[in-house]
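In structure tokens, one chain follows: the form predicted alone.
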Amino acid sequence: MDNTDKKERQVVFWPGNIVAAEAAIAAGCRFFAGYPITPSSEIAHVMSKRLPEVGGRFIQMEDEIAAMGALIGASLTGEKVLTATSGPGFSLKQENIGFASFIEVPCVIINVMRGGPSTGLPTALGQSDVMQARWGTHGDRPVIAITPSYLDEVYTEIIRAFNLAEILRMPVYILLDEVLGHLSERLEIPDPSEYELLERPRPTVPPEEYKPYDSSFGDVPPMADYFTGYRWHTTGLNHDQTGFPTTDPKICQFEEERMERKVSQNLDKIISYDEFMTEDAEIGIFAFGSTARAAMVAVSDAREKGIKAGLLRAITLWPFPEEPVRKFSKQVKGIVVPEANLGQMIYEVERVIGCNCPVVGVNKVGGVPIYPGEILAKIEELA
């Protein structure tokens, strides 16, 4: 492309939490409800200032439970909505997240992970909420969780998260961690012409004919905005296409399978990953979030020592990138899984690859990042 045709980008030097807030504004977010919690509080702080400037609304609720409820209510009126929290708040939000999933309300939830359990390490790194993101609520439900590793990726992936939430009518997680939330690095802000903003499907039928879960329109039924002349019922009970409760086993089975299909039939739009020096790799690394940055350095260090290492980095953690991981495992002699927890995603890697190759972990929970040398030591063990 001729550089004269490319719009000049704004260059900034922001910490990740500010990047996250600005990306949400760029994605069309006009409502934020939350409760302050380290290490995510800067997101709420920025949103409290920026949303009124663009015609949006910010509200600080009395706790995380109420914040998630407010988020659902705002989304039902047609707004693009965001909340941000960390581990303890993420735990409190789970019941209302399950409700949002079941009534199929678009929303984006940022979890800037820290150490745990309980209050844990409020100001330090952790990556121990990744399985909670998948299984935090009771019942079957589809889950999308995105784990950026770089601040330019934080910006673009938050925009993608809003798009996915809207077009699939569901909550979407952004799993940052304390390092990414507070790390500052140079960033070129994409011009709005460089990305597309998507909207939830809305009804084209008259209000009297509208059914909020009418599957004749596909697995993602049109969603009417409250206060626009359309009336529809929301309930956490199993419901039919009208939104009212039902205990009919066939309807319950169909509706829950339909919700699962929204994700399983759109994996090509959802799953994202990156590869670094994997073409001829003999030792593999699977990593995500800020830990993947150290893993990339470890790969380069291993190459300098004559060890052909390669990194498969998950950008979308849920749905898990099964096929790329399975293919990678057939190529390498072993896989190292570094993560700032006592071992969570390593079991997902083992589940997917079976007996194709050995898998070893590098695990730290003291709030200190995993260093490249620690990953390199495991690479050398497998080489």
Partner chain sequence: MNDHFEARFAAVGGQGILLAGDIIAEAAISFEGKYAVDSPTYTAQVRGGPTKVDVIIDSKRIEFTRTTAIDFMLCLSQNSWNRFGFDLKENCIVLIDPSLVFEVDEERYRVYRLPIIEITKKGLKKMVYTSAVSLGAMAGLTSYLKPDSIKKALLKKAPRGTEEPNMKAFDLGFEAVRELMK
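Keep in mind that what you see is a predicted model, and the values were worked out from it rather than measured. Positions refer to the first chain, counted from 1.
This next part talks about the form predicted in complex with its partner chain, which is not shown.
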Heavy atom contact within 4.5 Å of its partner chain in the predicted complex, the stretch among 217-225, 251-259, 150-158, 105-113: 150-158
Scan Ala281, Met296, Leu175, Ile72 and let me know which has any heavy atom within 4.5 Å of its partner chain in the predicted complex. Met296
Answer option from Leu92, Ile271, Val179, Leu164, heavy atom within 4.5 Å of its partner chain in the predicted complex: Val179
Wondering, does Thr38 line up within 4.5 Å of its partner chain in the predicted complex on heavy atoms? yes
Whether Asn266 contacts its partner chain in the predicted complex should be assessed with a 4.5 Å heavy atom distance threshold; does it? no
Against its partner chain in the predicted complex, would Thr246 count as a contact residue? Criterion: heavy atoms within 4.5 Å. no
Flag Ala302 as yes or no: does it have a non-hydrogen atom within 4.5 angstroms of any non-hydrogen atom of its partner chain in the predicted complex? no
Report yes if all three of Thr123, Arg186 and Tyr371 come within 4.5 Å of its partner chain in the predicted complex by some heavy atom, otherwise no. yes
What residues in 70-107 sit within 4.5 Å of its partner chain in the predicted complex, counting heavy atoms only? none
